[in-house]
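Before any questions on binding or motion, here is one chain by itself as structure tokens, the form predicted alone.
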């Protein structure tokens, strides 16, 4: 009986040790990846937060970049959107209906990274067209992509599905959507949400 008990204890210890080692290895492997945070964000006058100097999505991007020690790339259009909110809406809606690809400033070699976080505001359930401009420049085969978004009540709104379709050959992990007014005005709470989410992704 004592011998049987000893064997059972040894098996339990072995299984526990193996599980712990697997979790540790998974986290280590994710932290060893080369990570990029690419995002589109607009400051100036925004819905529900007034005129701001830093876009809602940029706030999330900087938090993610800090937590993951990632490189960052701000997707910016060559022709800026109007500072006035209603005028910006007019331009952005026309781009959406025209399926436009506005020219963007610069680029980053996505192909050199393993994991790419891609962030954007929810514009009528669609990614800003400038994000398509960026995405369509690159080969996403074998890349891990992770979406994040800001919104004012509509969550991700299907943008993750649009992104997955645009990034052909990639593997998408669970994203996060945070209300823009929360990101802008409750940054301590936002940071907690970001940190908790990243832990589920093994960062």
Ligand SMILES: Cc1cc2nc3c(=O)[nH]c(=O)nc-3n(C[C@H](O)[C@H](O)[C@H](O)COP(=O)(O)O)c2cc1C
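Please read these numbers as outputs of a predicted model, since none were measured by experiment. Positions refer to the first chain, counted from 1.
The next section is about a form of this same protein that is not shown, the form predicted together with the named molecule.
S.K.: Can you check whether residue 55 is within 4.5 Å of the named molecule in the predicted bound form, heavy atom basis?
M.R.: Yes.
S.K.: Please run the contact check for residue 123 against the named molecule in the predicted bound form: heavy atoms, 4.5 angstroms, yes or no?
M.R.: Yes, residue 123 lies within 4.5 Å of the named molecule in the predicted bound form.
S.K.: Heavy atom to heavy atom, is residue 88 within 4.5 Å of the named molecule in the predicted bound form?
M.R.: Judged by the heavy-atom cut-off of 4.5 Å, residue 88 is in contact with the named molecule in the predicted bound form.
S.K.: With the partner left out here, check for me: in the predicted bound form, does some heavy atom of residue 92 sit within 4.5 Å of the named molecule?
M.R.: Yes, contact at 4.5 Å.
S.K.: Using a 4.5 Å heavy atom cut-off, which stretch among 148-156, 62-70, 131-139, 167-175 contacts the named molecule in the predicted bound form?
M.R.: Going by heavy atoms within 4.5 Å, the stretch is 148-156.
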